[in-house]
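A lone chain, given as structure tokens: the form predicted alone.
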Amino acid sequence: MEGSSRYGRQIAFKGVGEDGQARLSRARAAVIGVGALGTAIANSLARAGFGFVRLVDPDRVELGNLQRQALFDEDDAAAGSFKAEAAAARLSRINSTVVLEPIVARVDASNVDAVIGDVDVVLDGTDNFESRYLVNDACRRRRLPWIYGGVLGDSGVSMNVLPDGPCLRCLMPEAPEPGSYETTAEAGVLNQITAIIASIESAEAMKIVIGSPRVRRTLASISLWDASFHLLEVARAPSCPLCGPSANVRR
């Protein structure tokens, strides 16, 4: 059986097994942003055997992306290929059993519901807080799990936002103003931290769709250069419009 041969080592892991692999084959994921985090996430999901992966990004591949964006090469940069399309093409050669849907667009208020409306889990590959808060709010209103992740320099964070919260607004009530925080263009970013955070996001997505009791409910914070790893508790904020007592989300 092709599935058993392809996923044999994954099925042998007791956290997945035959039943878990079958659930992965039916799982639908959306990756918002197909850059450093997004390419590593998409690569992991496709190799793990997710049945459907939607890739959403408006940008084209540039030479400066290749240091950390794992699915692209110099030919993609020279051609100015769209990231979503180039990533889908590469992944289709890695695992032809996965349905890949590239969408060349920026996620905004006009399309976010369509982008996330038919998937089981949403993964953060974005590089800006505006998009993250947009996705956070849309997913919370739908009670759809999504996984927040971000990297800067040698450091990264990730948190599962589950249907019962807490959410990104419990952690930070409002998105920081543009220009009030460092970007990767200013502080740089190591490709190794993007791989680590993407792996954490992908593993959590697997646990979520499999129905594992081991889904993490803390904020993971990693500093790679200092070799530090912390898990921080995040509580539902009473003042949060999405998680507090007056929240208006689907029940």
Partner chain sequence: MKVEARLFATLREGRGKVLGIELPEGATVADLAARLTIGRKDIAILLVGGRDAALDKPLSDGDVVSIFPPVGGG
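Positions refer to the first chain, counted from 1. Predicted model only: the values in this text are computed from it and were never measured.
Keep in mind the form predicted in complex with the partner chain is missing from the figure; the text below concerns it.
Only one of 112-120, 71-79, 136-144, 170-178 lies within 4.5 Å of the partner chain in the predicted bound form by heavy atoms, and it is 170-178.
Of the residues 103, 162, 91, 157, just one reaches the partner chain in the predicted bound form with a heavy atom at 4.5 Å or closer; this is 157. Of the residues 46, 61, 56, 36, just one reaches the partner chain in the predicted bound form with a heavy atom at 4.5 Å or closer; this is 36. Contact annotation: residue 25 falls outside 4.5 Å of the partner chain in the predicted bound form, judged by heavy atom distances. In the predicted bound form, the partner chain lies farther than 4.5 Å from every heavy atom of residue 242. Contact between residue 98 and the partner chain in the predicted bound form is not found at the 4.5 Å heavy atom cutoff. Residue contact with the partner chain in the predicted bound form: residue 195 places no heavy atom within 4.5 Å of it. Residues 221, 234 and 237 are all found to lie within 4.5 Å of the partner chain in the predicted bound form, as judged by heavy atom distances. Along 116-135, residues 125, 126, 127, 128, 129, 132 each place a heavy atom within 4.5 Å of the partner chain in the predicted bound form.
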